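Next come structure tokens for two forms of one protein chain, structure 1 first, structure 2 second.
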Structure 1
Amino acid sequence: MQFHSILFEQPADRVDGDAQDVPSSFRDLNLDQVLESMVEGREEYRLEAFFYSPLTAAEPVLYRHETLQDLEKKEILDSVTDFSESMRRVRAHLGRAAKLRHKYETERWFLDAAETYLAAVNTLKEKLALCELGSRALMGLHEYLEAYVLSPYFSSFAAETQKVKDELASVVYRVHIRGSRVEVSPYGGEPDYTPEVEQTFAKFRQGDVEDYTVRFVDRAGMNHIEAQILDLVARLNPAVFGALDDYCVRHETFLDDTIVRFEREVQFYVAYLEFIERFKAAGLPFCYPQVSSRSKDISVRGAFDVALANTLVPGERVVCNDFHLEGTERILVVTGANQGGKTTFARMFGQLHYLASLGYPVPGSEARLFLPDQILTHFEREEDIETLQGRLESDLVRIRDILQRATSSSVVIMNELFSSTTVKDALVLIAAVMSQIMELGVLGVCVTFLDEIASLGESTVSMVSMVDAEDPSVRTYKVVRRPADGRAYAVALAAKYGLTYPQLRGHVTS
């Protein structure tokens, strides 16, 4: 099959246009932050469209894994990023040409764009030939480039470009400015005056002095005096400028659609590889997950919240966690210390599934993940908080929506559901919601302060966020698989702030 896309093997799957709908879970999982970091400086590629289109089958995911594994090789990635760099210049030149008024100025920017494009395509083709490609996508691209570069169109285009360029480069003219009169003529071999002046005073040279030459900033477009001079230069060199005119007319559209599409799509990979590079440099692992749209046996080692890691200062420790579900297990119920990493854990669970369904390597040393049809999340939202009554109502409305949309292939994440109501009410409500969820058989996480939920049925697995054994005020941010034990962490936390009974008494009596 002829190569068409580096992201989609099947032409029918292709996402060509702009942003799709933002998945509802996106903000809850802090994936918006991840996306923002990734696309920074890449706005022109409009990568959101790809980011908002997760894959739901294993085969398309593997197509991307292969490509990414190729791109992780330095020489391949370098070739691609160099190519992108050149293509950006091509677009900049074309954009500039489109804005300019002077004919010969426009034409010259157009020529530069074409020259840059030709060189970029050639270079990419040559560099890829030297690389060992393992992916269907990049091998397809390389084949495509080989054929394109060998085509008669491309070679005659290249030859013409070079000829016009050489002729322009050979033009040397001189300008004689005297008062208001400007005279333009071919350069006649007069010597450079500056070295003579330097020579005259050379004997006084006393070591380094300041550089007084002025840097002139490039303006966009020439002024009318430069334009008039250029017109006269053109009159002095009619053949050269005639050839330029002719060239521009004949090559008006020279960009190849497939190559342009490749350059956009490959950013989807490059952006992520660049984004995770600094985590990898800090020793955090990433792995290609085993994915399945059928098996709900999932298992992850050494995973972390990539959005949180992104906000930490270098050197700050990132805590990694493991989890797995097998057999009839479906829901991880997370209880334990306040501020102990429960929410982070839930978010991480969602991120892992989302990133996996984009075809990306995921934060962790080992992962087997399910490809859901959708990820549904329920996180507390600040703007929703009004009265307690209002909040409970909105919680219920949202969870109803989630239950209506969920299928057995969905992932559902609930964080501190019904925390605004009494324990007795909350227990009843959560139990009701959980039974529906368990009925559906969805994979998910439920973060709660209610230990009872952890043992609702055989599909729930209890996980607990841990504190330091020596000093319970210190959170380890480790979430481990063990029965919920409901320890009181509040006292430890109070001690940290000097608010326990003996502390306050000691303070008063001293």
Structure 2
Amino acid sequence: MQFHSILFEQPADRVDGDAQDVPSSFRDLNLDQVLESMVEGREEYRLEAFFYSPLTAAEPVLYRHETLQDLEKKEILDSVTDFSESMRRVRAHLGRAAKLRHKYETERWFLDAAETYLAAVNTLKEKLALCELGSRALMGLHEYLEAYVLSPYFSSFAAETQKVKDELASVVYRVHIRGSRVEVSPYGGEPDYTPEVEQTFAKFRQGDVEDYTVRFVDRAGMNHIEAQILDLVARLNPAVFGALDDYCVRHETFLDDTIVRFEREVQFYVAYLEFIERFKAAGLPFCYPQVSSRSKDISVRGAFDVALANTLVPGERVVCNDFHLEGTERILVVTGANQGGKTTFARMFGQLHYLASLGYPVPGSEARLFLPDQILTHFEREEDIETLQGRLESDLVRIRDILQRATSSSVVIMNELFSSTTVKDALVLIAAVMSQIMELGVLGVCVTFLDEIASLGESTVSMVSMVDAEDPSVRTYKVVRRPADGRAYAVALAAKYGLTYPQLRGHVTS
């Protein structure tokens, strides 16, 4: 199969457009923060469309795993990075050319862009030939480059570029300035008096002196005198500048679509590798997950919330957690200490599945994950005054939407559902929602303050956020698989901040 994309093995899967619809779960999972950090400095590549298009089958994910594993080799990553830098220069030259008004100056920047492009393509082809490639994507790219460089078009384009450049370099002319009059004429073999002048004044030289040489600045844009001189030079050399005109017209669109697409798409990988490098340097693990769109047996060891870690590393400790679901188990019900990391755990669960569906390594030392058709989330939000809905009504509307959209292949994450109502009402409502979710057989997480939810059926698994055994006011942020114990440790937390009844009474009476 002919190479066409480094992200999608099958042409039908390809995403070429700009930003797609943002997944509804993106903000709840703090993936918008992750994306913002990753694409900083890469705005020109418009990578959002790729991030908003998760994969739902294992084979396309494996295609990306192979590519990333190749790119983790320094010599390959350096080759790709150098190529991208060259392509940025190409775009910069073309950008200048598009903004300039003088015809020949525009054409010269266009020629520089073409020369840089030819060198970049040749260099990448030669460097990849020296690398040990293991991925279908990069091997396909290398084969494509070899064929492209040997093609009649590329060979002719390279030869013409060199010829036009050499002819321009061979143009010699004379500029005679007398007062306000400037004359341009062909170079007539006039002698160069520079050595004689230097020899004449050499006897006045007393040691090192300041260099007053005026250096030519390679800038875009000429003043009107330079422009008129160039016009006169072109008039003196019609064959050379005519060839330049013809060259620019015939190669107006010299950029190859497949190569341009590769340069954009490879940033999807490079951006993530650069993003996770700081975590790996801090000792946090990343792994390539085993993925499946069929098996719902999942397990993860040493995972963490990568968005939260992005705010902590370096310097602060990042807590890792494990979880697994097997057999008929589908829903992790997380209870336990207030401010004990339950919401972070739920976000981490969603992040892991989303990053895995993009084909990325996930934060953790070992992972086996399901590829969902969508990730649906319900996290607490502020009341929207424009909808005139209270918190409970808003929760009901949003959870109804989730239930209508969810399929048996979805992942559903619910965080503190119906926390605005009474315990009795919340228990009835959450149990009803969980009943429908369990009936669908979706994977998910439910964070709640109601222990009863953890034992609704064989598909629910209880996990509890833990506190320090010696001091209940200290949260460990570890979430472990164990029966719910009905202890939120709110009193210990209140005592830590001096807010228990006796403490407050003491303040009032003192």
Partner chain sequence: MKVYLMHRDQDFDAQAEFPSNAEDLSQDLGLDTLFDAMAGDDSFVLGIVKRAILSSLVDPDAIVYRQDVLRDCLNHPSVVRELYDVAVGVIEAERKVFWGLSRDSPERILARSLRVLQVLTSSLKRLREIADQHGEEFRSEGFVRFFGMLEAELTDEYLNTVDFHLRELTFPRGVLISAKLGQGNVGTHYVLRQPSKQSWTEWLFGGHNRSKFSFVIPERDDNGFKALAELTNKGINRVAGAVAQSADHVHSFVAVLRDELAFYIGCLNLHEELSKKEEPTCFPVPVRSEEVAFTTRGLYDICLALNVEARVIGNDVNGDGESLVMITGANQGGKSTFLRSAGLAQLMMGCGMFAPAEQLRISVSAGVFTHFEREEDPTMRRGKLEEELERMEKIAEAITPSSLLLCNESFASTNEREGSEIARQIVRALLERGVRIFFVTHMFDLAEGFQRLEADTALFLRAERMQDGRRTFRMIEGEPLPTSYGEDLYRRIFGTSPSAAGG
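Being a predicted model, the structure only gives us computed values, none of them experimental. Residue numbering: structure 1 sequence, from 1. We call the rigid core the largest set of C-alpha positions that still match within 1.5 Å between the two forms.
- The form predicted alone appears here as structure 2.
- Once both forms are fitted on their core, a CA shift of 2 Å or more is seen for Phe241 between structure 1 and structure 2.
- Superposition of the core reveals a Cα shift of 2 Å or more for Arg250 between structure 1 and structure 2.
- The Cα shift for Glu366 between structure 1 and structure 2, taken after rigid core superposition, is smaller than 2 angstroms.
- Core-based superposition between structure 1 and structure 2 puts the Cα shift at Glu226 at 3.0 Å.
- Core-superposed comparison between structure 1 and structure 2: Gly207 shows a Cα shift of 12.9 Å.
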